[in-house]
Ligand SMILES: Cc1cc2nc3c(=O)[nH]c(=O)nc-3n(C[C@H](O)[C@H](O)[C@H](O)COP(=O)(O)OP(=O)(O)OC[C@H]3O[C@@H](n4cnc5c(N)ncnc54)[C@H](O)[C@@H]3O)c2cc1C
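Single chain ahead, written as structure tokens, the form predicted on its own.
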């Protein structure tokens, strides 16, 4: 560590005093980010922007970001100390993912000096919220099979196509967009990444309502959207190089050294009563089967936190296999499904209750149980994570693919017609 750098102990004390003096208690929308309506969501977003600005003005924004772009230029240990002191306090939760990780992380790694100087300080000040645009209506987890196309037109690019399942695009500012720029080479060789302001002519954003009533996910339609070449990230047709690191940072998610959020804060921990509370309401605390499930849920939380910390340390050191992040992605997805299932099973017959009064009385998480599989789909499916772990971590043979080595324009799309 640089001798002139503030020690972690001194930084921790300074952070503790500042947090106590400037941040209030953690809020419900810090935990699950679910708002009753759009107006409440807009207030939450404005509040998060203000909180991010407060962190910046206080000298605690971008703890691991380079000082030349407005960050603090400190270490992972400094960021971890800040996150530990942040426990129980409010924080700008909507900036963590995907603005800081993966978007800002990718910008730092692949952006030009001009791009970083333009956007990183704005992100740290709360002026820009970013989203990632990878998934497409016909692409699923086959990211390289993107059919959204960008065609060169002088000093600009013309973008046409569609992206889907983009969280928060309806109120975000910018997006990282992966597009095909060369259809005459295999699909992985003809991709390019662009920086895209979301609210401009030619972009239509439609919201998607899910089973549980949430509509934070969106689909975007691009019609002759003009992008200056200065907003291209990386080399032309080298987008897969950017994309692999992009997906790495996506899998790291909240464990990124660039993210500041309270230690131990997990989605599962924020959603309603604990397994013990559910078992108590169901009168099952003395039931050996219920006790086993409570113990299993606790073990899953412990392992999740330990694994996340280990992967984060490896990522910060730069020495670990970057594909190890898929191990964390896989475990979190599977563990989340199991934890929701345990909560449902502990509630017994009351788990099928649907009114708010019955759900409060029984501790059942009926909707969470129905939506449990989302944790295995969003942010890259666990099936893809299994492939990455088997092929790139364990060195097993690659899965057979019919489009390898084939020009992307010649790859069949849709069912064959007789």
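Positions refer to the first chain, counted from 1. Only a predicted model underlies this, so the values are computations on that prediction, with no experimental measurement involved.
Note that the form predicted together with the named molecule isn't included here; everything after this is about it.
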- Message: Partner absent here, but in the model of the complex, which of 229-237, 157-165, 102-110, 295-303 has residues with a heavy atom within 4.5 Å of the named molecule?
- Response: 157-165
- Message: Using a 4.5 Å heavy atom cut-off, which residue among 121, 139, 273, 262 comes into contact with the named molecule in the model of the complex?
- Response: 139
- Task: Identify, from the list 210, 310, 207, 280, the residue with a heavy atom within 4.5 Å of the named molecule in the model of the complex.
- Result: 210
- Query: Does the 4.5 Å heavy atom contact test between residue 378 and the named molecule in the model of the complex come out positive?
  - Reply: yes
- Query: Given that the partner is absent here, does residue 26 sit within 4.5 Å of the named molecule in the model of the complex, heavy atoms only?
  - Reply: no
- Item | in the model of the complex, residue 326 touching the named molecule (heavy atom, 4.5 Å) | no
- the named molecule contact in the model of the complex: residue 40, any heavy atom under 4.5 Å: no
- Query: Of 381-395, which residues get within 4.5 Å of the named molecule in the model of the complex if you count heavy atoms?
  - Reply: 381, 383, 384, 387
